[in-house]
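Starting off, we have a lone chain in the form predicted alone, written out as structure tokens.
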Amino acid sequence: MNSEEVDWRVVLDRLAQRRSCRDFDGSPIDQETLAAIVRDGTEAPSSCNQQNWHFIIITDRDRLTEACEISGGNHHFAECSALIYLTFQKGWTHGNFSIVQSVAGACYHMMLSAHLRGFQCIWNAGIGNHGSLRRMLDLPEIFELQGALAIGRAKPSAPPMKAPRRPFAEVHSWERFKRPSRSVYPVKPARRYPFFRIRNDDNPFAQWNPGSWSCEALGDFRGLSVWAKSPLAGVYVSRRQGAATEVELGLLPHFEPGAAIAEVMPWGGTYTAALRRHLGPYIDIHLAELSQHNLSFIDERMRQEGLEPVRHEGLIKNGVLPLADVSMDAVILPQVLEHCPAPERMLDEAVRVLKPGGALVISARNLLSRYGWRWARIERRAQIPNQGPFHPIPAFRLRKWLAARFQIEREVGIGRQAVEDAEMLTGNRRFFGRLFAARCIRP
């Protein structure tokens, strides 16, 4: 290998180490360096060489805070050294996305420039209300906002890993399209799928029925999409959870030190972190997931939150939990069953791994609720969320499934409203809450 070959291999290896950062220390970067990074971006190819892009660099701390607020909670917007808004003038091939691709190429060129200079960065398309941003930036209507690039220095405590990449064999083929079935996600059958008919908030072809997905496809989807965020403390805690999680945790029985608890399909570990805080460090929490990527994410998140680690023995394969028969003191299924391709089979698996007298604590989104109405008429019109496809389960049906397998000790509804509300509902009202939750005992 000659010296020129060594040089390009060293550069490419260095570029491959770039990873997204959402945990900046806020230290300043001088304007000359920032300008040089943006100038590097303008060396990227441009559609028809028109270079109809414009990059607005924000460094003022108050304006960065405003940018964070407009974004709806991208905390790294307020903590980075600089935020570069990516814009282009509308017209001239933007309908064919060539100017959009040009801006994307310039942005990535800036990211590589920042990386080689020892900085970290992240590119976000979710930047918030464009009207508010136009006013903040004094941006003319003829220019379009495409996204924002945050640049800075990572905190020493920032997650050290890069989000996983698909195996190369899955994302390329020769002469014709060829791709493993697990990474071609199910859609509703149609003769054509018009490009402009499919939007995030309105996708008539989205397949929300988890029974139409294989376990392999679900694992592939969930294990990659969990990295839409970094595994930081508090990530993926939504307004819809919060107090509702406390009600669910209140259904747990008392456990002696050393008890073995299985949490199934925890995805990003929001409930895992709450469960660890609730139970303390002397209970063994075992995770069962569809993808190793989820488990790696949760391990780092638990470290970021300063919590005791959890155990994982393997992956769910064809609906079978990676746990021995009669080995668990409790199984936790928090808003999970509605994501399962075969929900009754998952309940059978809970029976298999529980010790006699062991507890199942379960909650599920309830189709017979104001939330169920909202899901049926609004949410499921959109693209499926990062947690994967799901279908709310009518509370009466879930109760029937539970009664056929367990002794039901306690059951409640959670939340009268479609969102946020976490009121505990008893009596007949329990069947019409946003969530139906129960504690059951294996005979």
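A residue's number is simply how far along the shown sequence it sits, counting from 1. As the structure is a computational prediction, the values presented were derived from the model and not from experiment.
Note that the form predicted in complex with a small molecule isn't included here; everything after this is about it.
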Stretch in contact in the predicted bound form with the small molecule, which is absent here, among 306-314, 117-125, 137-145, 166-174 (heavy atoms within 4.5 Å)
117-125
Is there any non-hydrogen atom of residue 22 lying within 4.5 Å of the small molecule in the predicted bound form?
yes
Would residue 85 count as a contact of the small molecule in the predicted bound form, using a 4.5 angstroms cut-off between non-hydrogen atoms?
no
How about residue 155 - does it come within 4.5 Å of the small molecule in the predicted bound form, if we only consider non-hydrogen atoms?
no
Might residue 182 be said to contact the small molecule in the predicted bound form, defining contact as any heavy atom within 4.5 Å?
no
Can you work out which of 227, 208, 255, 221 has a heavy atom no more than 4.5 Å from the small molecule in the predicted bound form?
227
Name the residue from 277, 345, 162, 90 that puts a heavy atom within 4.5 Å of the small molecule in the predicted bound form.
162
